[in-house]
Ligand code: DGJ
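One chain follows as structure tokens, the form predicted alone.
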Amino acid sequence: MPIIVKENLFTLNTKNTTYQFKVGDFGYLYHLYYGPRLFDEDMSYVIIPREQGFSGVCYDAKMIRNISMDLMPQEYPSTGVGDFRFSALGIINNDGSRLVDLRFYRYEILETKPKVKGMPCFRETNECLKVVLKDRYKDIYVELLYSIYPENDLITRSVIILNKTKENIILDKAMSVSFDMQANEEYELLSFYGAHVKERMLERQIIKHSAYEIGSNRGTSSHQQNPFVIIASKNANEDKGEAYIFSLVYSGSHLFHIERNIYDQIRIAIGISPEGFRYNVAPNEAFYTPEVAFSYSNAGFSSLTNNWHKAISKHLINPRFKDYYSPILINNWEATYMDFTEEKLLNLAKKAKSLGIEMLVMDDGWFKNRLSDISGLGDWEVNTDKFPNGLSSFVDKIHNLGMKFGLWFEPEMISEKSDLYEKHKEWVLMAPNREPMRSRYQLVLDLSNDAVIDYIYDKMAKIISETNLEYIKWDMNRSISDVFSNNLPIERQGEVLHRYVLGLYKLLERLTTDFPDLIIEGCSGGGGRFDLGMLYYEPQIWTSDNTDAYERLFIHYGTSFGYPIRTMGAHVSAAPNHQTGRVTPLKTRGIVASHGTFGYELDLLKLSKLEQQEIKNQIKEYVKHRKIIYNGNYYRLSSPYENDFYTSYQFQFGNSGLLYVCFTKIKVAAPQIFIRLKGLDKIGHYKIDNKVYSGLQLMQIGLPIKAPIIDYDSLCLEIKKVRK
């Protein structure tokens, strides 16, 4: 059974893992175990009370000196109980004290998983446990919600903090998860840092006796630190070793705090960033934390991430996209930027249609007052100079070509040079009597204000309805500063960033409910808001504004640890590349862009006939293979960080697979390359490039690959099982 409760012992089982905790001394909730599946073992023996000088000891223990929370592995540690590690919950009581002493109160096995109020979460499961803790002195309750997805080895956690006192309390920290583990060997932290056009760069470091903080205070999940981490045994690789993955289902400021104490206990706490966070909870009100999802494997990163990808695809992304393939599109941004007319775009669409492209996406510059970056945001009405007969007339022409149509919006932003700003300055996040900080010549609308959400919804819904719009590219091109809402009283200004995210989710919920067939591609200067919260509403996210094929190898590599390939927006762009100036073959640009959703971002009208034919072939090949790319297991066969000669990866779906190899540097007198494949039947036989190999040969010795004669060459090979 997934949930087993025996007396004070709680055991949560998935197909291959077990998570266990218990009610211990004086009602404290102790974490016992998370790892390979247990049978009927009780892991309570790992709790060994001992004295710790200078640490606090539970008052209930009287003369016993070895019951200190500073040494106990806890499920949800709070402040003021003698545990001097990072706490999960911080409360400012009405008397000014910052103490909360949580003890076990009751538990309940729920018939179905409750939703996380106002926020996305993994979807329904019948395996859910609620454990309620209560402050010893006040009617403050903390509900820990555990949801289990057995087949995918996935567990999720969220927390509800209920104030049943007769006075206000203030939360200054409300983490979603605190996880304690005993580290009897060296463990490493894998995190994914970056910047605009350089997202999710893998960084791996030993967790030493110190504290590490990874997160964002930008109001978004950010380019700088993505909201997922992996903790792995020191020698873990793709095929072996322990690995735990943790990801926050949230799109705002966040914190991952990891520390290791002198006793080799590792604690990881995950949740909303406490920086500037102050949330008032009135009597009989509750605060809901975002959900955290986590999984474990003792068979390396490939096993971990393939389970993870399947869980996200099956239980997080909207079910209506289960069998969905993103339309192959042309986005006009790098072809025209804002310098376009109806005629220019129609010619681009006609050329795209002739090559096999399925959709035109019109990017920034289509709406009134939008002559450059400095104006127009917020005025979501068509520019009649560019479209004299209106937008619907133009969209009809695209549809008459047999193509779909998509449109760029940046709905959360506002330009000072706009009609909206003139009418509603109070709708901007901006403190009184202070000049705001600009970024990209734009300010941020206050999504904590329902009037703002209604305005954005009405503008977008009108265009969607009038044009039968099929696709939106949803952009957000700045971080949030000037965190002040004119819609909230002084004492609630610490709630603004979280309320902003709740407002964003409210807007997305309305749009996706009212327009269920609408495809939304998330974007925030590329991958600045690539997170599980957004994937709940959007089946794909633009991975990066960096379209350089070589750079994308690193970006795709890091992103693949936390997100399914089917969610990663990737396009073929021009050469020389607009971000780096690098020249790479069209063939390689196509192969790298097939690492996810597929499209084009260049001026098709400037291509030679030979290039046009190559694009036709790329599209045919992608359409032929996309079932494997969307649904297959994904294997990172080599790392661009460790191999400066080539990067290789493989998709395997049943008896069919794809091997991709992207070369980066020519090497004189290069050794013969053998690439070891994965996920094959050892005794089966597979045909690759008209030759037949056994699965054992391909996985043990590898497939021989001919070295290239030009920089940035690449290849894609089909893998087909031909006999057992």
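Note that the coordinates shown come from a computational prediction; the quantities given were computed from them, not determined experimentally. Throughout, we count residues from 1 along the sequence that is shown.
The form predicted together with the named molecule is left out here; the points below concern that form.
**Q** Which residue among Y536, W333, F561, Y187 has a heavy atom within 4.5 angstroms of the named molecule in the predicted complex?
**A** Selected residue: W333.
**Q** Looking at D396, E259, E416, D364, which has any heavy atom no more than 4.5 Å from the named molecule in the predicted complex?
**A** Residue within 4.5 Å of the partner: D364.
**Q** Against the named molecule in the predicted complex, would F301 count as a contact residue? Criterion: heavy atoms within 4.5 Å.
**A** Flag for F301 set to no.
**Q** Can you work out whether R440 and the named molecule are in contact in the predicted complex, taking contact to mean some heavy atom pair no more than 4.5 Å apart?
**A** Yes, contact at 4.5 Å.
**Q** May I ask you to check whether F598 falls inside a 4.5 Å heavy atom distance of the named molecule in the predicted complex?
**A** Because no heavy atom of F598 falls inside 4.5 Å of the named molecule in the predicted complex, the answer is no.
**Q** Do W542 and the named molecule come within 4.5 Å of each other in the predicted complex, heavy atoms counted?
**A** Yes - in the predicted complex, heavy atoms of W542 and the named molecule come within 4.5 Å of each other.
**Q** Select, from the options 301 to 309, 521 to 529, 79 to 87, 451 to 459, the stretch whose residues sit within 4.5 angstroms of the named molecule in the predicted complex by heavy atom distance.
**A** After filtering at 4.5 Å, what remains is 521 to 529.
**Q** Counting only non-hydrogen atoms and a 4.5 Å cut-off, give the residues of 439 to 475 close to the named molecule in the predicted complex.
**A** In sequence order, R440, K473, D475 come within 4.5 Å of the partner.
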